[in-house]
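One chain follows as structure tokens, the form predicted alone.
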């Protein structure tokens, strides 16, 4: 009998919903620090920060997902994601409302997101996992770390 593969996900809140990302892609969680804004960019790209000599783009995930923008507060954090598999690793900072938990989910416990046809973009959704009564939206880290998808207008 084969063992089920369990994967850990860091979860965070966005507009009251809980989202999760593969913890292996999380480089660190940072307190919101000053962001250098850049000209001529979509609203959801907040600018860049200098993290130990590396310039990292900062994306407000709430705005990227077309949710109402929120004034940042002391719960607001930046989750730094890093693609470990790429030759030239992409690093991005995601502004989220608050960090929640770390959960382990087996492959069997992750359900595919329903198909909404071409009207709704599911490219960022890896699947849905339940924890008790709540449903956690698991995000596809590879898509989040794909410049063409993340910065697509």
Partner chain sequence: MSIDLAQFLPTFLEESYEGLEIMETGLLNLQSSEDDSIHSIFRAAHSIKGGAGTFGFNQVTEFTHLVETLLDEMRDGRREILKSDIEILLQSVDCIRLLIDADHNKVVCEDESISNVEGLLNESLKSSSTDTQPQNDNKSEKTQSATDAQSWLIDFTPQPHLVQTGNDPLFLFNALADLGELEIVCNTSELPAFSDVEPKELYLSWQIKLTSSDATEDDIREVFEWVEDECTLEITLLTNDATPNVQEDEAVNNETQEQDPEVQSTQPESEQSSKQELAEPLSPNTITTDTNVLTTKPQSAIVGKDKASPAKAKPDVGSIRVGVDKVDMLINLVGELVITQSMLSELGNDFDLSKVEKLTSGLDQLLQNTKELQESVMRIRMLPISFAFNRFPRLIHDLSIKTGKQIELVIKGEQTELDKTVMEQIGDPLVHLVRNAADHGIESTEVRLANGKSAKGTISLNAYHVGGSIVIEVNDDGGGINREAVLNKAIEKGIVEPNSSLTDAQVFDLLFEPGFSTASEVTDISGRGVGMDVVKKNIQSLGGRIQVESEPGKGSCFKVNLPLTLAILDGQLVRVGTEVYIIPLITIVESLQAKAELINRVSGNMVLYRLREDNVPVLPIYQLFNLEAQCTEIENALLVVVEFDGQKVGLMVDDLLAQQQVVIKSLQDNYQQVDGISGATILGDGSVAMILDIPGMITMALKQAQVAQKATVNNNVEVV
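Residue numbers count along the first chain shown, from 1. Just so it is clear, the model here is predicted, and its values are computed rather than measured.
Omitted here: the form predicted together with the partner chain. The next part is about that form.
Peer 1: Find the only residue in 45, 113, 32, 110 having a heavy atom within 4.5 Å of the partner chain in the model of the complex.
Peer 2: Contact check passes for 45.
Peer 1: What is the one choice in 102, 38, 69, 98 with a heavy atom within 4.5 Å of the partner chain in the model of the complex?
Peer 2: None of the others qualify; the residue that does is 38.
Peer 1: Taking 10, 23 and 84 as the candidate spot, are all three within 4.5 angstroms of the partner chain in the model of the complex by heavy atoms?
Peer 2: Heavy-atom distance to the partner chain in the model of the complex: none of the three under 4.5 Å.
Peer 1: At 4.5 Å between heavy atoms, is residue 61 in contact with the partner chain in the model of the complex?
Peer 2: Outside the cut-off, so no.
Peer 1: May I ask you to state whether residue 49 is within 4.5 Å of the partner chain in the model of the complex, using heavy atom distances?
Peer 2: Yes, residue 49 lies within 4.5 Å of the partner chain in the model of the complex.
Peer 1: Taking heavy atoms and a 4.5 Å cut-off, does residue 94 contact the partner chain in the model of the complex?
Peer 2: Heavy-atom contact with the partner chain at 4.5 Å: absent for residue 94.
Peer 1: Even though the partner chain is not shown here, does residue 54 get within 4.5 Å of it in the model of the complex, heavy atoms only?
Peer 2: Although the partner chain is absent here, residue 54 would touch it in the model of the complex, with heavy atoms inside 4.5 Å.
Peer 1: From first to last in sequence, which residues of 67 to 82 have any non-hydrogen atom within 4.5 angstroms of the partner chain in the model of the complex?
Peer 2: Result: empty, none.
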